[in-house]
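Starting off, we have a lone chain in the form predicted on its own, written out as structure tokens.
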Amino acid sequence: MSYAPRPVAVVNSAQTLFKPSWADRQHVDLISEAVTGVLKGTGLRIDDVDFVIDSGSDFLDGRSISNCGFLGAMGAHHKEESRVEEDGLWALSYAMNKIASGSASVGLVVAYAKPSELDARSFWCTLLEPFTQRPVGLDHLSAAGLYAHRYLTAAGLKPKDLEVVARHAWEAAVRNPNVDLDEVPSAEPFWHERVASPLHGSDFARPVDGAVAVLLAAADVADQITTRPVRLTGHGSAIDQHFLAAREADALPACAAAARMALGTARATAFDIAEVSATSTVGELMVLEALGLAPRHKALDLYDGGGATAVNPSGGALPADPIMATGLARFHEAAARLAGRSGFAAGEARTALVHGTGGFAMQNHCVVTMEVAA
């Protein structure tokens, strides 16, 4: 007897404002705001939610099993709840599988982070192998610099060429009401002071505080709630080599593998929107190439505005990287645009590809595809 997975759709999604620091608010405040926002206008109550999947980091939160302190804010009290210690897009993939299997009908996905409460560099360094990599001073900044040296050489580009990627991101983020940003940074050191050769401060993602929530449901349930349902059509994930020296010098094969898995079930072969995550400008270029949106070493051409796919119309992760919630934020931005929600310009867009990354130096990758239901 053959089994057909149950179609899954997005009911709603919401986020807090992303700020470099929410000094006057705790994790529970940010989570509660996102969860309240995602239920608003759906006609659903928290009692209608069958399960909660959350993404966060004990290290970033400063205590073990930190999600236990946030169950009330997530609406998970006396409810099935699971924690994913990875970017929120993996939690969404978990929830998607759970509903597709028929074991539940409505699921809530929550991802959050407050990197302002610690040194984000320390967080990334804890992911390193402690005997041969951590002692030599390798961190996420120097790793990105190593990738950049090799990528720029292979692509025949100069470090200044990366400014196109950074400016595209920051200018889009200024227009995004979900990001606390009034103007593109103009300080000279930001654009021209080397942080990890050949990269400048503008080439790296800015950590921010915030929370994101997504409400998923079986398609037949979602169809009764929203007039423009967005169906999830594919997902995939893959992990690269842990040791940086063992990875490809100027490409992300694990990202390409995740994309192949997602595209294997997606009906669309081209996408109107691509919301991708990256910790650096070069990382973003390599992601776009791994996803098949540009030939190898040619992703810079996507920023001339003439392509069929809108790349990171939200600004992406460079201006606003809530670390454990970055991929779920990309999903929220894409889903809100496809659904034509208030404040999001949908236009003619009907398909989207979303990418999340995690691990040291973008070791892990997750890809999700979606489209407006016919």
Partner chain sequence: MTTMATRIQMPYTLTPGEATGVFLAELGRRRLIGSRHGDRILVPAQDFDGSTGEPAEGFVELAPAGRLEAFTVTAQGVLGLVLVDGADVPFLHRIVGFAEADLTIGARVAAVWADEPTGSVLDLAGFGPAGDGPGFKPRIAPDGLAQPFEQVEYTMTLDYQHSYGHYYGTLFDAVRTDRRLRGVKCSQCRRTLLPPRARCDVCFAPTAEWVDVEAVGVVQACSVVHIEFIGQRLKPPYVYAELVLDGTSTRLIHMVGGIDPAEARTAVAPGSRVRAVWSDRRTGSLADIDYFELIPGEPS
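Since the structure is predicted, the reported quantities are computational estimates derived from the model, not experimental observations. Numbering follows the first chain given and starts at 1.
From this point on, the text means the form predicted in complex with its partner chain, which you will not see here.
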| item | value |
| --- | --- |
| Distance check, W191 to its partner chain in the predicted bound form, heavy atom within 4.5 Å | no |
| Interface membership of H77, its partner chain in the predicted bound form, 4.5 Å heavy atom rule | yes |
| Close approach of L244 to its partner chain in the predicted bound form, 4.5 Å, heavy atom | yes |
| Close approach of K40 to its partner chain in the predicted bound form, 4.5 Å, heavy atom | no |
| Candidate stretches 149-157, 165-173, 296-304, 278-286 - the one whose heavy atoms come within 4.5 Å of its partner chain in the predicted bound form | 149-157 |
| One residue of S101, T227, T269, T132 in contact with its partner chain, assessed in the predicted bound form (non-hydrogen atom, 4.5 angstroms) | T132 |
| Listed residue (A73, V84, V221, M96) with a non-hydrogen atom within 4.5 angstroms of its partner chain in the predicted bound form | A73 |
| In the predicted bound form, residues of 7-35 near its partner chain [heavy atom within 4.5 Å] | W22, A23, D24, R25, Q26, D29, S32, V35 |
